[in-house]
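Shown here is one chain on its own, the form predicted on its own, set out as C-alpha cells.
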Amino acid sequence: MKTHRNTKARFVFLLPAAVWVLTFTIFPLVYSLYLSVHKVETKMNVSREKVPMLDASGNPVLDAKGNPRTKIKINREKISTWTNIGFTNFKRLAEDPQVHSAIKVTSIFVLVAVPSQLVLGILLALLFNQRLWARSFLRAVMLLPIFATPLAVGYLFFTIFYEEGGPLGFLGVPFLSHPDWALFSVILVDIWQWTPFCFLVFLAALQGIPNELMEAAKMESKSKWGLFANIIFPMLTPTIVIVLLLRLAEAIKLFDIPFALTGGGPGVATQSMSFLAFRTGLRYFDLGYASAMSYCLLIIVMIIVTLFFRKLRQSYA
C-alpha cells in the first residue's frame, strides 16, 4: 500500500514538469513541423459601409434638412489560407541564394568564434590557476560579461563601434558599414561575452586536478609545455568537448548580437540562419518557409551534437 502511494506521489511531482515540456517544447515542435509543409497566406479584406452618426447619447445626428447624417465605416478582416505543399519549402532551401549566404555567415562565425573562445578560455584559466595579485577580484570582473543579455551587449557595442562620435570612431575603421568588418565585429562581441564562460568551466576543471599529480608531473618534467601537453590537456579533454558542444549549439543559433549590432547588414553580411528565419517568418510572413529553415537548423545541431557525444562515448567508455 505504501509503495502504491509513493508511486502516485512521484507522478504528482512529475506532472508539472511533464506539462511544461509538452506545452512549451513538444507542441511548438509539432506545430512548426505542420507549418513547414504548408503555404500560409494572410490577406486583409477591406470593406466599406455607411453607418449613421450618433451623438454622445446614442441618438442619430441630423443634418440641416432633418435627415440622419452618415459616415463611412471601414471594416478590416484578416483571412489566412493554409495550403498543403508537401516538402516544397524544404526544396526551396537548396535553391535560395539567401539561405546559401546565411549558411556561409553562420559557418564563418562558428569556425572563428568558438575555437577562439576555447583557446582564450584555456589560456585565462591557466593564468588564473596561479597565484596572482587580487585574483578573486579580477576573476569576478572577468565573469561580468556572462550576466549581460546578448541583446543588451549588441546595443552596447553598437555605441562603441559607431563610426560617427563613437569611442572608437577616431580609428576610422568601418566596424558596422563594411561587410567584412561587420562580421568581424559580431564575432568579436560574441568572443568578448562567452570567453568568460569557457574560462570559468576550464578553471573549475583545472582546480579539480589532484595536487599530487601536478607535483609529481612537475618533478618529472621541467618544461611547462610538456606539463600542459602530457598532463593538463589530457585531463581537460572531456571538459573541452562538453564546452565545445555547448558553444557550438549556441553559436549555430546566432541571432541576438547581429539583430542589435548590425541588423543583419550591411546587406546580408551578418545575416545568420536564425536571423533569416526570423525575417522570413515575422517580417515577410512566410511562416511555412521560415519553419522549414528552423527545422533544418535543428537537424544540423542534432547531427553535430550526436556525433560529438558518440565520439566522446567511444573515447571515454
Partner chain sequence: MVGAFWYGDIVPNGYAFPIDDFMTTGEYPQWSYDSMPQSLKTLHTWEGVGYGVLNDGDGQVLYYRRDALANPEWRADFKKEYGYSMPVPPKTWQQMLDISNYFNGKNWDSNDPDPDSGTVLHLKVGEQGHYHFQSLSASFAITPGPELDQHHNVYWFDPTNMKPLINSPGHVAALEFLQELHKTGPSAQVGWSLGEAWDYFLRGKSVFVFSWGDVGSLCQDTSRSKIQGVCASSILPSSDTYYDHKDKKFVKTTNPVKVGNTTGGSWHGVISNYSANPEATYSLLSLMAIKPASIWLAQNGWTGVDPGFTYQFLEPQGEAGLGEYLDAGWSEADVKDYLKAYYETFFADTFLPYLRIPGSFEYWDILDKNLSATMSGEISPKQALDNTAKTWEQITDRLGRDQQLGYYQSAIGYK
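Positions refer to the first chain, counted from 1. Rigid core: the largest C-alpha set superposing within 1.5 Å between the two forms. Remember, predicted model here, so these are calculated numbers, not experimental data.
Just so you know, the form predicted together with the partner chain exists too; it's not on screen, but the next bit is about it.
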The partner chain in the predicted complex: contacting segment from 248-256, 54-62, 29-37, 261-269, heavy atom within 4.5 Å: 261-269
Evaluate residue 92 for contact with the partner chain in the predicted complex, applying a 4.5 angstroms cut-off between non-hydrogen atoms, and reply yes or no. yes
How about residue 137 - does it come within 4.5 Å of the partner chain in the predicted complex, if we only consider non-hydrogen atoms? no
Using the partner position in the predicted complex, report whether residue 100 sits within 4.5 Å of the partner chain, counting heavy atoms only. no
Answer with yes or no whether residue 150 is in contact with the partner chain in the predicted complex, where contact means some heavy atom within 4.5 Å. no
One residue of 107, 84, 207, 177 in contact with the partner chain, assessed in the predicted complex (non-hydrogen atom, 4.5 angstroms): 177
Would you mind checking 278-301 for residues with a heavy atom within 4.5 Å of the partner chain in the predicted complex? 279, 283, 284, 286
Please say whether, between the shown form and the other one, the C-alpha of residue 54 moves by 2 Å or more once the core is aligned. yes
Comparing between the shown form and the other one on the rigid core, is the C-alpha shift at residue 283 2 Å or larger? no
Would residue 267 count as moving between the shown form and the other one, using a Cα shift of 2 angstroms or more after superposing the core as the test? no
